[in-house]
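Shown next as structure tokens: one chain only, the form predicted on its own.
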Amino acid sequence: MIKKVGILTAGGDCPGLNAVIRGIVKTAEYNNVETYGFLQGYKGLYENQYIKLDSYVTSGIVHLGGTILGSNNKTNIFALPEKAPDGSVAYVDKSFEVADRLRRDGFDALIVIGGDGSLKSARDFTRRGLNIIGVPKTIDNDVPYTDMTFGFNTAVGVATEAIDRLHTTAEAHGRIMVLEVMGRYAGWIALAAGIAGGADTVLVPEIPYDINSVVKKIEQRRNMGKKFSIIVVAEGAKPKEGDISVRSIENSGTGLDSIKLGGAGEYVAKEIEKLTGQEARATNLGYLQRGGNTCPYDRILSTEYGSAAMQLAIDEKFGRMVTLLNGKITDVSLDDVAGRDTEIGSKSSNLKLLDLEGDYVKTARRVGICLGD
């Protein structure tokens, strides 16, 4: 019988994390299972920093963004930096000792709420003999074997409101407004918000763009008497014969989320000004998409995910990840979803990218949105 379960939230914060935690704790209490939350993700797991969770602690958090447990995207227990006497840095695997300590402390299972890097570590801990349950966390909606990840709808709502606001100032000044949104290597947020906000052009990672196609769309609108345009750019969008815009690489690329994208929107704005002579302004929504209160849909989905994850632990179905698939809450193997190759088009990649023949793309084309190709 499962009696003691640990929980951690790792990687970037995401609307719905607190609702997941609450769903786990509520279901655990109903089944007489104790829950403990490790603080600051895998950092807390490594340092053995955790708190007792119950209904009192999780009361009133279902709508809140962020996570009451804190998060961290820099600690990779399988490759922790250690400085040698000569000043050099070596990366050491500390996972065996962490796994042994968890067992000694009486933890029957660990629920990991995280994105790709976090779930990869979760999968690897199953190979150290730990009982692991995964919960997919990303606003990017790019986890395979999922219809929808929690946080996505909240992020799309924020991006859509930004488009609405940019629309009025763009029209007033006759400017080109470029909005850069998150999504890493997938264009779900960009295209969903672009459709919802009535954008004229949406550039996504799945379709390398020709800047001349964007300029052509601007000129078409100008000929119709529309002196302004709204362009949404996914952070992972790249030009044909070009590459993605990388802001920085942290921890020598060994962290859970070390490659920081950024600058794609600014690049597009500068190219448009150069080619059209028209004033263009770029706005990067950045972390605004991940903060604030969680929308109702994501609160429901997060609660479903949390409750289902705890039920998997109670049923002793380990090495699994909860998911919404074909409209139903179910579970899949962590081996099938974790440690994905992020190179778009790679045969070994199982990132859930935009389906170029899917409804989002078809709808965008039908209503005249330029996708840069």
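The structure displayed is predicted, hence computed values, not measured ones. We number the residues from 1 along the sequence you see.
What follows is about the form predicted in complex with a small molecule, which we do not show.
Novice: Give a yes or no on whether every one of I139, E235 and R290 sits within 4.5 angstroms of the small molecule in the model of the complex by heavy atom.
Specialist: Each of the three qualifies.
Novice: Using heavy atoms only and a 4.5 Å cut-off, determine which of K83, K216, R247, K274 is in contact with the small molecule in the model of the complex.
Specialist: Of the listed residues, the single hit is R247.
Novice: May I ask you to choose, among A264, V178, A193, M182, the residue with a heavy atom within 4.5 Å of the small molecule in the model of the complex?
Specialist: In short, M182.
Novice: Considering non-hydrogen atoms and a 4.5 Å limit, does the small molecule approach N73 in the model of the complex?
Specialist: Although the small molecule is absent here, N73 would touch it in the model of the complex, with heavy atoms inside 4.5 Å.
Novice: Is there a non-hydrogen atom of K270 within 4.5 angstroms of a non-hydrogen atom of the small molecule in the model of the complex?
Specialist: Answer no; every heavy atom of K270 is more than 4.5 Å from the small molecule in the model of the complex.
Novice: Would you classify K94 as touching the small molecule in the model of the complex, given a 4.5 Å non-hydrogen atom cut-off?
Specialist: Contact with the small molecule, no.
Novice: Tell me, yes or no, whether K260 is in contact with the small molecule in the model of the complex, where a contact means a heavy atom of each within 4.5 Å.
Specialist: Contact with the small molecule, yes.
Novice: Which one, 183 to 191, 217 to 225, 128 to 136, 238 to 246, holds residues whose non-hydrogen atoms are within 4.5 Å of the small molecule in the model of the complex?
Specialist: Only one stretch qualifies here: 183 to 191.
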